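What follows is a single chain, given as structure tokens, in the form predicted on its own.
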Amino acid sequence: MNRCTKINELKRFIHASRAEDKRVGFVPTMGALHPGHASLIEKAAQACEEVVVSIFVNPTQFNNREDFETYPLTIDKDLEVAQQAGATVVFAPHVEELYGGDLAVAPVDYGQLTLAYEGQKRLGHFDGVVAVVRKLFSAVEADAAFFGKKDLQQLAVIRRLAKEEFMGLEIVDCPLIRESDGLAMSSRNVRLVGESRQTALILYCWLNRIKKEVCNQGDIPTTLRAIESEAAEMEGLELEYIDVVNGSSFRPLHDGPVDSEAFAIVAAEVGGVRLIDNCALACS
């Protein structure tokens, strides 16, 4: 497995691969790799001869400086996970390589997609996401990029970016991976200690509760209000939002039929750790 920190080094590798008519897959990450990331790399390796994994903690997408400074850095373990999962090159640039010393990013307005939910709770977050993904897409020049459905709104934003600026790039969504107890895998999970780890499981329970109500043709607004009331009484948990939305546009879905694009979404701070989760609502 190759490793590079410079864009020109990466491009030499990619251009050599293309000269051999190899399909290039790309998995962008911020490191602290876990089995969820490994599943993305494995998917890419199944579909592509070359798999680029980026490891870059992007400073412009953190609206909380403390969150950025405490983000786990585990580069040696990350390289091992990436190689075992099928990566052929790891791109781990320094901040200056991507931003050139200028961390100012342009605002992004995709309407509801960037203004609501994560966009509202984390002001400027999607500005940073779009800025860094645009830089990475331009550097890697991949045929396909692989993203997990855990960051569902981010996935929708990236699809919009690719549609508008990288039309030849295929965006491949991959299943959300969960711990054995149902908690959505996240690099932040290691910060859940004591009772907080158990409390965090309520998020997935709420999502399943919404799905059950939907499949039983229940009243979505009533269910959401009941969960919000329950959350307000819980210690160690601060609910930010819980809703039912279209997974592509992030328009709320409170009335009418629920189709394959409907998802329940939730965000909460548990024991000082911010968690997000989602669940498709299509009834089997």
Ligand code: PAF
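Given the structure is predicted, the values throughout are model-derived calculations rather than measurements. A residue's number is simply how far along the shown sequence it sits, counting from 1.
The same protein has a further form, the form predicted together with the ligand, not shown here; the description that follows concerns it.
- Residue contact check for Pro28: one or more of its heavy atoms lie within 4.5 Å of the ligand in the predicted complex.
- The ligand in the predicted complex is approached by Asp151, whose closest heavy atom lies within 4.5 angstroms of it.
- In the predicted complex, Tyr110 stays away from the ligand, with no heavy atom inside 4.5 Å.
- None of the heavy atoms of Leu207 is located within 4.5 Å of the ligand in the predicted complex.
- Partner proximity in the predicted complex, defined as non-hydrogen atoms within 4.5 angstroms of the ligand, places exactly one of 43-51, 218-226, 56-64, 241-249 at the interface: 56-64.
- Proximity to the ligand in the predicted complex, taken as a non-hydrogen atom within 4.5 angstroms, holds for one residue of Ala184, Val132, Val81, Val157, which is Val132.
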